[in-house]
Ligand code: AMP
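As structure tokens, one chain now follows by itself in the form predicted on its own.
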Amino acid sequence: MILFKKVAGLQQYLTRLKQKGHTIGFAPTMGALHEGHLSLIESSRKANAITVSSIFVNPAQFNDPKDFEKYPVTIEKDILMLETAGCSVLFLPSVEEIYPAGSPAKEYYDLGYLETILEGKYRPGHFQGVCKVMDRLLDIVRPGNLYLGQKDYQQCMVIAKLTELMGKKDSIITNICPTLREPDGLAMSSRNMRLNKEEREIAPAIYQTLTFIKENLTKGSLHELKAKASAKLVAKGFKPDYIEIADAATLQIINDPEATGWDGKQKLVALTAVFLHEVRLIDNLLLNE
């Protein structure tokens, strides 16, 4: 694996490979890697000659400065994991390399409805920060294939929208890889490192609650089902930001004031974000694939 810290060196290297006809797959990360990240590397390796990963903890997407300060950094372990997984290239830039002094400020990214709900509602400015860094990274790497994890369901949709806004929807194929889970169902996440022993024992209740929704899904109003799911989380000690059921393709919330309930056919996804003391965790589950 070759490590680059500068944009110029990385671009020169990748340009030579592309001129030779090599396909480029890209899996961006913020480090603190786990098997879920490595599954993105594996998916890319199967389909591309070259797999690029990046590690960059993006300050622009943290609406809470304390959350940014507490984000786990395990860079030496991450490098070893990527190398062992067969990653071809690691891009490890500084903040100054991603956001050069004097660079023009990007205009507002028009994400429409996606930025008004769920993570967009509870983390104002978060997705603008995501788009800012992904715009930059995609312009640097210029991959043919992009690999993202389904655990960040809404973010995947935001980044797909970004490629459209960038005029790269046809040149960059967005591949969404399934969420990897621990044996007890907890979605793999870098934030899991911040859970203490007691919290870690409670955390699988998030997936259990999503599974409860899936197993009890019926045609018509979903209001009572969501209420029961929320109560289950509260009873376990979670503080929910939201637990919602939405159209799997558009994230249009079912049973919001402008909706009429579920027709029994529409593809749905359940999504939740909860605090377990100081740690915020998110998860989602497709309900009727």
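Counting begins at 1, following the sequence as shown. Only a predicted model underlies this, so the values are computations on that prediction, with no experimental measurement involved.
The protein also exists as the form predicted in complex with the ligand; that form is not presented, and the subsequent description refers to it.
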Going by a heavy atom distance of 4.5 Å, is Asp152 a contact of the ligand in the predicted bound form? yes
Touches the ligand in the predicted bound form: Ala203 (any heavy atom, 4.5 Å): no
I'd like to know whether Leu40 contacts the ligand in the predicted bound form, with contact meaning heavy atoms within 4.5 angstroms. yes
So in the predicted bound form, does Pro72 come within 4.5 Å of the ligand, heavy atom to heavy atom? no
Answer among 214-222, 161-169, 174-182, 72-80 for heavy atoms within 4.5 Å of the ligand in the predicted bound form: the stretch 174-182
Between Leu148, Ala85, Ile98, Cys131, only one gets a heavy atom within 4.5 angstroms of the ligand in the predicted bound form; which residue is that? Leu148
Looking at Met30, Ala60, Ala47, Leu251, which is the one with a non-hydrogen atom within 4.5 Å of the ligand in the predicted bound form? Met30
